[in-house]
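The chain below stands alone and is given in structure tokens; this is the form predicted on its own.
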Amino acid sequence: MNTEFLGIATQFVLTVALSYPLGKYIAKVYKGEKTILDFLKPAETIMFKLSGINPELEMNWKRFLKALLILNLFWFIWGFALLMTQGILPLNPDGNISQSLDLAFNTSISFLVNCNLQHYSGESGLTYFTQLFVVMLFQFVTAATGMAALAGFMKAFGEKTSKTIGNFYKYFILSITRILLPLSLLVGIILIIQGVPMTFEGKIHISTLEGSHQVISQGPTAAIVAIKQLGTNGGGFFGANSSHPLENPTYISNFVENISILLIPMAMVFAFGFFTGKKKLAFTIFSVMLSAFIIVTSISVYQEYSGNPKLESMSISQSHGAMEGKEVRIGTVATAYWGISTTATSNGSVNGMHDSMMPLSNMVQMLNMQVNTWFGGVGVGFLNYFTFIIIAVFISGLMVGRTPEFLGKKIEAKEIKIASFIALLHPFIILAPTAIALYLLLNTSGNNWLGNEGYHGFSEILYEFTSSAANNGSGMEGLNDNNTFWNISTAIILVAGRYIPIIGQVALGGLLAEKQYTSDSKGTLKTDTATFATLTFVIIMIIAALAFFPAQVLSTIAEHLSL
């Protein structure tokens, strides 16, 4: 087997193998069972006492959501204030200036909602202080928020009937101390060994072998890279993100970072099964997600490894595939695999230039974000999939003439309305702003946004709003997006794409938890079968096709056909 393919096959198998025991561990953490990290409990107790929180106080779904939203609002104000004043704050050896009002607004929201959409270059747009106390802090906060939301959801289905779904603050703290922090320390140490810098010194000045002068940025990179990948955050310490040789210096660092991207999203599916006792259902859901992931990965890897047909027609050798925009130390296949990993989750980091990838690679990358259920972000990916389960249960109930049920709870009008609203919201907040941006581009002067015209230019605009709505953060980067329009418009989409679905999904869990449990009967529709899994997959793809196929035809597919 070609060593490039062997590399991603090994990554894939190892990630799946690690996700199962991690999922079991996560379920134990949220259920309060004994784990290897129980020695951290005194520190957690101190945190709860200092904040005046009773971690054993049960919350209904409304109080749970209130705590989630208030905490996130506080951190938004915190981040916005620091970004606006970073130029006068400490830990700024390179003398970087404060961000503008609209850029600080966009950056604070972007990192708070697990998107990490960056309309600035990391090494020059932030100081070490804001890299640590905004970016890295938020990467823990936002990941823990999504994980706590899923923990509350699991609690709702872990009991037959319940008025409460756990304590948000307890799940939030445990997500950080017992899961994110230990894993980040492990990954960070590996990255330091591989050569990722971890220093508070400023830029270094060197003379190259050719005798020229070069200035190299550095900083506390390893710590931030570890949590950016594990928390499906993705914001690059450097502007080039994980294609930068100091952020991702070797094939081994690339290997570890890519595993980190997928590890917790995969594990959370298994955690649901262990927490609720519905392991067969969890395996069924995992199988659907994994099958879809393999399909889109195969498409992208084939496209990138085959190369550009226009170059082939010019007799230009492409023995290693389409290498434009890719790092030699990583290779074509590993870059394509990363592109799928980062868009199948809400990670958004890049180890190559998405703007240089083949059109059908861009198509499946956008499809990952437009579907937004193939593993997705930590916690919220499973919640997004659950939305489609509700719709599938409703449709299948109509087909067999029975009242729809899921895990012993009747699915009624209120639940269907919430699920349908969430499912339709996603294409709306992608396509509507894309149309507005195109209108402004074509009908107003002075909008020098695009580095490319035609199909590819349209893809760049569509990708930006798709990435924002999916809280992904990657970009094709041919777009001039650090201006008032893009900073404000994407910030609005970021908020809508993050909080409205979470509110709806936690509400769904809370409403169903309160309902009377009904035992299975002969007529009960089984949701842990291959038939139901196939139905759910088909419904997801039909909704995605109806919503996004016309836009994809006018962008990525048209560009592919033009090659």
Partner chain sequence: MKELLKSIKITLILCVFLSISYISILWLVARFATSNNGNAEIIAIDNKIVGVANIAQEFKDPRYFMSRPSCAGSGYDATSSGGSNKAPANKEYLAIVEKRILAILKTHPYLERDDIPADLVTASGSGLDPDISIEGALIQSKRIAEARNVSENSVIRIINETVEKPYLGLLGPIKVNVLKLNIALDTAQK
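Numbering follows the first chain given and starts at 1. Nothing here was measured: the structure is a model prediction, and the numbers come from that model.
We do not show the form predicted in complex with the partner chain, though everything after this point is about it.
Enquirer: Pick from R402, K410, K160, K203: which has a non-hydrogen atom within 4.5 Å of the partner chain in the model of the complex?
Expert: None of the others qualify; the residue that does is K203.
Enquirer: Identify, from the list T276, T434, S217, Q303, the residue with a heavy atom within 4.5 Å of the partner chain in the model of the complex.
Expert: Spelling it out, the residue with a heavy atom inside the cut-off is S217.
Enquirer: Is it true that K417, R498 and Q516, all three, sit within 4.5 Å of the partner chain in the model of the complex, judged by heavy atoms?
Expert: Not a single residue of the candidate spot has a heavy atom within 4.5 Å of the partner chain in the model of the complex.
Enquirer: Give a yes or no for L511: in the model of the complex, does one of its heavy atoms lie within 4.5 Å of a heavy atom belonging to the partner chain?
Expert: No - in the model of the complex, heavy atoms of L511 and the partner chain never come within 4.5 Å of each other.
Enquirer: Flag S51 as yes or no: does it have a non-hydrogen atom within 4.5 angstroms of any non-hydrogen atom of the partner chain in the model of the complex?
Expert: Answer yes; at least one heavy atom of S51 falls within 4.5 Å of the partner chain in the model of the complex.
Enquirer: Using heavy atoms and a 4.5 Å limit, would one call A67 a contact residue for the partner chain in the model of the complex?
Expert: Within the cut-off, so yes.
Enquirer: Does any heavy atom of R63 come within 4.5 Å of a heavy atom of the partner chain in the model of the complex?
Expert: Close contact exists here: in the model of the complex, R63 approaches the partner chain to within 4.5 Å, heavy atoms only.
Enquirer: Within 4.5 Å, heavy atoms only, one stretch in 421-429, 369-377, 125-133, 338-346 touches the partner chain in the model of the complex. Which?
Expert: Of the options given, it is 125-133.
Enquirer: Going by heavy atoms, what in 244-268 lies within 4.5 angstroms of the partner chain in the model of the complex?
Expert: H244, P245, L246, P249, Y251, I252, F255, in sequence order.
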